[in-house]
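Only one chain comes next, encoded as structure tokens, the form predicted alone.
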């Protein structure tokens, strides 16, 4: 069952979808083959340029993870395992046939886990600055600890141009600040231990059957491009590309370049 929620006059409307005891906020836009987009540290802004750009190429479906945005999160819903199983169920609500699955950052981790389990249900997989694996020795951190590092360090390593793109909290409405804080707390619940990875995922990435594109912000300091290259090598036939002038959030810093890479991949 779904009900419409109004947004701005220009942004596409979102729906509520009830699934497994969760009320998911789901943004839909565009037409054509389904493209399921899983967001990163913050839920997707309906007014984001990326929404309009991707909706030109496909039927974009972008849920907010439970606990993010207006999606509910039951008290006992607190692991990546819960999220992956929820989205495997959500796939069953989409039209039959292969789906393109795209994940940003934390959502890239989820997308990789889902692609392992969903088999041929995922036709194409796009991972953008994805988390989820460990490639170095236990004493060498692969992923910046965004919860414990100094905020200035997190900001500087998140963006190619932090002065232009980093959030300005003094300019935000109180409601937006509260929402971002809620999203951050929820992210910590899902990803704090083990920190932003699943130890067994690396073992299972070679079983992914989907044609895969791994995209990375060339200036990403949260997870460096070398991590992305290692990620791509674990997935059979995966292609790796960098996006210039972008850090960990190319969907914000370079939405046109990101959408162009996706467009070329979908048409290939």
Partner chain sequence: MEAWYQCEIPYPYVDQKVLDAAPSVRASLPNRYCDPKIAADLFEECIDEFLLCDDLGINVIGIEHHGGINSMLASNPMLMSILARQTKKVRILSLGTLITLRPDPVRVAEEYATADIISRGRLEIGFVKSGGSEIASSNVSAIDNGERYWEAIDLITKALTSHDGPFSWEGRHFTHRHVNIWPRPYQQLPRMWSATGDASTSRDVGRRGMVHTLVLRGPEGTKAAYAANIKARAEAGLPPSTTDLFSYAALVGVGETEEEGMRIGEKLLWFLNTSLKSAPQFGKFLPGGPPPWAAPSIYRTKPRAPKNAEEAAKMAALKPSVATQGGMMGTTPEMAKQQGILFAGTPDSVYKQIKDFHDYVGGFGHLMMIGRSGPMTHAETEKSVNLFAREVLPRLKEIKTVQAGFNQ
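Numbering follows the first chain given and starts at 1. This one's a predicted model, so the numbers in the text were calculated from it and none came from an experiment.
Not pictured, yet referred to below: the form predicted together with its partner chain.
Interface residue among 151, 138, 95, 119 relative to its partner chain in the model of the complex, by the heavy atom within 4.5 Å criterion: 151. Shown alone, this chain has one stretch from 181-189, 86-94, 107-115, 158-166 that lies within 4.5 Å of its partner chain in the model of the complex by heavy atoms: 181-189. If you check its partner chain in the model of the complex, you find a heavy atom from every one of 78, 170 and 193 within 4.5 Å.
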